[in-house]
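A single chain comes next, written as structure tokens; it is the form predicted on its own.
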């Protein structure tokens, strides 16, 4: 590995260590490193973390997805509607994932078939998915029926006190960890992952090498949509409601997690595990700001500054390469 790649891999670890150290030493953040707070932070990482898994594939391929937040909201509404129809938690999860996957598929088709730039195509989907969520919900929250919240039901997926206790984390956290490990392997070791990175590094060269660009991009955006759909299910499990106005601006948190995790917005570089560390760092940052009584805008300013610094470091590394 080159010094640049080593620095890129260590960047999210260094950022996370700084955040943990700053708040651990803060006199008003008592219990910041406690087991209970760590469980809460892990749960808070799930939604952004799941969406960041799919977004990593998109950004490594040289694309961008601005529709993540709207897809999460739409999927949460679909989940709540399926539960209200008494079809069960499993079918609700599958329905949410399918809803997200369809949105991602449409993104991929617009980008490949209509030759629309990813920024514009996903910006359009941002409005379409959000509007669809309001339409099917009647522009109001969809409450999950009490029967779906019973022991072992929907709420168990995001509980801070998992049952059984030996699980330590909620099923939602374990699902995120498992999916991240699988996605990391696919991106680094599989033929599909190599194609994703090749497209982001140089699309023209990848095409000359025989890579099916259009088919791969459609798969990439479909995967991103499915991950956002699963995040929507987890959001519904946390809020116990399908909210068409939820996850506003969440796409920025997802992109920030991927960029902080070492991915390059120019494409060709990045990793799923780095994105998970980026999502975890932002969750700890939010937790620390809340414990110290900092205003919301302080957290927003800090995240914005971190993004600018991460992108600036990436640009400098590319210039030196």
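Definition used throughout: the rigid core is the maximal C-alpha set that superposes within 1.5 Å between two forms. Positions refer to the first chain, counted from 1. No experiment lies behind these values; they were computed from the predicted model shown.
One more form of this protein, predicted in complex with another copy of the chain, exists but is not displayed; see below.
A.B. asks: May I ask you to check whether residue 123 falls inside a 4.5 Å heavy atom distance of another copy of the chain in the predicted complex?
C.D. replies: The answer is yes: residue 123 has a heavy atom within 4.5 Å of another copy of the chain.
A.B. asks: If we define contact as a non-hydrogen atom of the residue within 4.5 angstroms of the partner, is residue 168 a contact of another copy of the chain in the predicted complex?
C.D. replies: Residue 168 lies outside the contact set for another copy of the chain.
A.B. asks: Whether residue 110 contacts another copy of the chain in the predicted complex should be assessed with a 4.5 Å heavy atom distance threshold; does it?
C.D. replies: Residue 110: yes, in contact with another copy of the chain in the predicted complex.
A.B. asks: Give a yes or no for residue 132: in the predicted complex, does one of its heavy atoms lie within 4.5 Å of a heavy atom belonging to another copy of the chain?
C.D. replies: So residue 132 counts as contacting another copy of the chain.
A.B. asks: Would another copy of the chain in the predicted complex be within 4.5 angstroms of a non-hydrogen atom of every residue among 19, 93 and 175?
C.D. replies: Judged in the predicted complex, none of 19, 93 and 175 sits within 4.5 Å of another copy of the chain.
A.B. asks: Which of these stretches, 217 to 225, 93 to 101, 247 to 255, 80 to 88, has heavy atoms within 4.5 Å of another copy of the chain in the predicted complex?
C.D. replies: In the other structure, the partner sits against 247 to 255.
A.B. asks: Do any residues of 294 to 311 have a non-hydrogen atom within 4.5 angstroms of another copy of the chain in the predicted complex? If so, which ones, in sequence order?
C.D. replies: 295, 296, 297, 300, 301, 304, 305, 307, 308, 311 sit within 4.5 Å of the partner.
A.B. asks: Any chance the CA of residue 21 moves 2 angstroms or more between this form and the one not shown, core superposed?
C.D. replies: Comparing forms between this form and the one not shown, the residue 21 CA shifts below 2 Å.
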